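What follows is a pair of forms of the same protein chain, given separately as structure tokens and numbered structure 1 and structure 2.
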Structure 1
């Protein structure tokens, strides 16, 4: 094979000088926020067993870059940080203070569709808080994330906040089968509310519950919007979830202007179990990162600890800087 050695494979790029300096600057600001909040850096291995990605998030496994080692074990380039953090914390929990506060920064690799102009190497920076009191941890992690954005040149960045328990509480009582539930989730994920309404009606879901799903699909705004949604919802799990969002925001008055309650988005992969964050740059109309509570992931690694974290796309941060 005679390939041009000065070229690069499709889906990859070099970042030179100015682009590299911008990212270095952002990473340094994040690092100092993390250090003062008591988070310590870890550098997970760049190579994992492919099976690491079987737990929790199926979508990532399909997109991992895989290869074989000398013993023909299936390996993958790092496709996500969070499972690696879960693996590390599970292995070294006894040597770590509780709760565990870690941060990471580096590349992840995922297959993308050909010819869509997407890269296959992404750069992420994020943090995880494992253990401790969940309500306090949610507050702490959101505060750290917003501090990172504020200190690194994104003072107008906003966060849309939701809670997986709100939707879960509404659909749990419906007695839908797995495939019907997947259909309902997919219609909500596409925001096709007419199709969703008629499907729910076909499935025999009563009008008041269809009304609640409709309420969620419109609920975006401040605490008044959240209170309005709460008033129409009857089940205990959803109400508790809404109350925990109210409490989260009330403990972060310094970020009131930055927080929007947005109950419209659901987590189609069912990865998050509690609070969910989407970080945005309104000025650039770009999503900067995501995060949330994922208590069931640690359990899959054999450590039954609550966990919450966030991850920013360094590529998006670099573009908007």
Structure 2
């Protein structure tokens, strides 16, 4: 089949002149913040065994671009940086003093819906902190992320913060199967309180637990919203998770105005084990990046170390600059 050799396949693009300069400038600003905070750069391989993506976020494996090498090994173009970092720490950095601080930048490749104009190659920049005291590491990584945004031209950027333990603690009292739980999660994510309440009643969830789930669907705001949630949630795991969020914010007073507690952000709950971040640009109504604590992923690689990190979309950053 003849193809236009000066064009590109759907889902890919070139960056020229100003776009390239803007991206390089953002990367340089991030690199400066990382260096001053003690993070060292790594450049993971662009090719991994496909089996790498059987750990962590299972949806990534389904979207990985796969191929066979000459020995018939099933390989994939890099579809996510975090599993690669976990592999590198396990294979090469296990004996380094803890905590290990690393950062990275580069393209990732995922199958997307090209008919909706989604790119299949996009660039990320991020950092991971492996080991150390989890509470202190959560504060440190969030401080680094917000410093990166502030110094690279996003002084109004904000972060929505949640904790996986809050929803997880309530879920234990629901007694629902996987499909019903997915419905509840979707309703909370959409902030559809009417549908949520009706469905929970249909499923026979008792009123006290329905009330706690409803609290999650309304909790978006400052420390007062979080305090209101704490007063109505009964189980110990959820209350401890809320307390950890309160502590996180109290240790970052310089960013208090940038932090919003958002207990409705639960779409990646299966991946994260603790605090979760979603970084936003209010001026552009754009999500800039995500992050959080993922201790269980490190254990899947045979390294029992706590871990927390974040990644930003260079494409989103560049478009908003």
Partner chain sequence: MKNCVRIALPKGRLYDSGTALLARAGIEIAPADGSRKLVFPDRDGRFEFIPLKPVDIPVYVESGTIDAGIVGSDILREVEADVYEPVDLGIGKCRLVLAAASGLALPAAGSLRVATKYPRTTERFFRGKQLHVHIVKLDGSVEIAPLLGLADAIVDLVETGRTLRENGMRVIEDVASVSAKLIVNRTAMKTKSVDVRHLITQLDTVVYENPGQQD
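Numbering follows the first chain given and starts at 1. Basically, rigid core = biggest C-alpha set you can superpose within 1.5 Å across the two forms. Being a predicted model, the structure only gives us computed values, none of them experimental.
Engineer: 1 or 2: which is the form predicted on its own?
Structural biologist: Answer 2, the form predicted on its own.
Engineer: If the two forms are fitted on the core, does residue 182 show a Cα displacement reaching 2 angstroms between the two structures?
Structural biologist: Yes, its C-alpha moves 2 Å or more.
Engineer: Align both forms on the core first, then report whether residue 224 has a C-alpha shift of 2 Å or more between the two structures.
Structural biologist: Residue 224: C-alpha displaced by less than 2 Å between the two structures.
Engineer: Using a rigid core alignment, state whether the CA of residue 95 is displaced by 2 Å or more between the two structures.
Structural biologist: Comparing forms between the two structures, the residue 95 CA shifts at least 2 Å.
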